[in-house]
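Okay, here we've got a single chain as structure tokens, the form predicted on its own, with questions on binding and movement later.
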């Protein structure tokens, strides 16, 4: 197939602003290239693809980043900057629709416009939905696409898909990772880890409280989106509890993350999947997570981590004391079976071909 993959308009690929979508895009592009497909990626100016994506063509456009639905009120109107990336991207797609250069478009952006365009676009348009329900307008337009032709929608987990008004059982494709980029570490340090955008919906304060209860340092990797929130979390625990390590590329992240005895996953909302959960497991790190959203499907208690009652730092701390019962090699084995780049690409290929 000849596929045009449309990236997130939240910022350039490689900047970390796109969150988990950046990892998903690189994985699906490289995996589909491995299966012989021709891939073009449409992304923000300043983007870069991972080394495994060198066979893909990269088209870039300038523009202001789109506002994230995640940070707006549930009943908020859809807003688009006049000179924004979102209309720039979809102008390109509309121009390509009548030229016959692509068999289909794969949209990774959680934005109203591309979903709304789906029934009218000449090119078949597929959506890998990247988040759960956060906005009424998005809920409505996803339901409209489902009613028109639900084969155009795929989800990362069944838990995420359950957020939406669908007309049939969902297509669930999970996610995929290049496991050659993650080394298995069997000899951890007495260190806890936390990975994600530093923003209130990620619940860093709970992980910090659990680390403080245990008297363990907590290493934090990720882009600080809300400096005031980060400062408040820092002030909530004894000095020296938090070790801020910033946003790192996968190669550097996995080297440091693998040294942790456990990853704490503490979202305050329904994560669609939980990329960092799988990244930790790929390094052999057990995950202690809230029983909420996509991570609750990924963490298999006693196999690759433990699940605890949401919003309960005390339960997090107690579960950390049991991570020595987890076989770190088994964490890696689960990822190899369920979330490799090859497995993900095969699921995506089957979904799109059946939709076509």
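Quick caveat: nothing in here was measured; it's all calculated off a predicted structure. Residue numbers count along the first chain shown, from 1.
The same protein also exists as the form predicted together with uridine-5'-diphosphate; that form is not shown, yet it is the one meant from here on.
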Exercise. Residue 222 near uridine-5'-diphosphate in the predicted complex, any heavy atom under 4.5 Å?
Worked result: yes
Exercise. Would residue 197 count as a contact of uridine-5'-diphosphate in the predicted complex, using a 4.5 angstroms cut-off between non-hydrogen atoms?
Worked result: yes
Exercise. Would residue 246 sit within 4.5 Å of uridine-5'-diphosphate in the predicted complex, counting heavy atoms only?
Worked result: yes
Exercise. Applying a 4.5 Å heavy atom distance criterion, does residue 20 contact uridine-5'-diphosphate in the predicted complex?
Worked result: yes
Problem set entry | One stretch from 101-109, 269-277, 81-89, 166-174 that, in the predicted complex, holds residues within 4.5 Å of uridine-5'-diphosphate by heavy atom | 269-277
Seminar exercise, completed: Among 97, 237, 253, 113, just one has a heavy atom within 4.5 Å of uridine-5'-diphosphate in the predicted complex, namely 253
Exercise. Taking uridine-5'-diphosphate in the predicted complex, which residues along 319-334 bring a heavy atom to within 4.5 Å of it?
Worked result: none
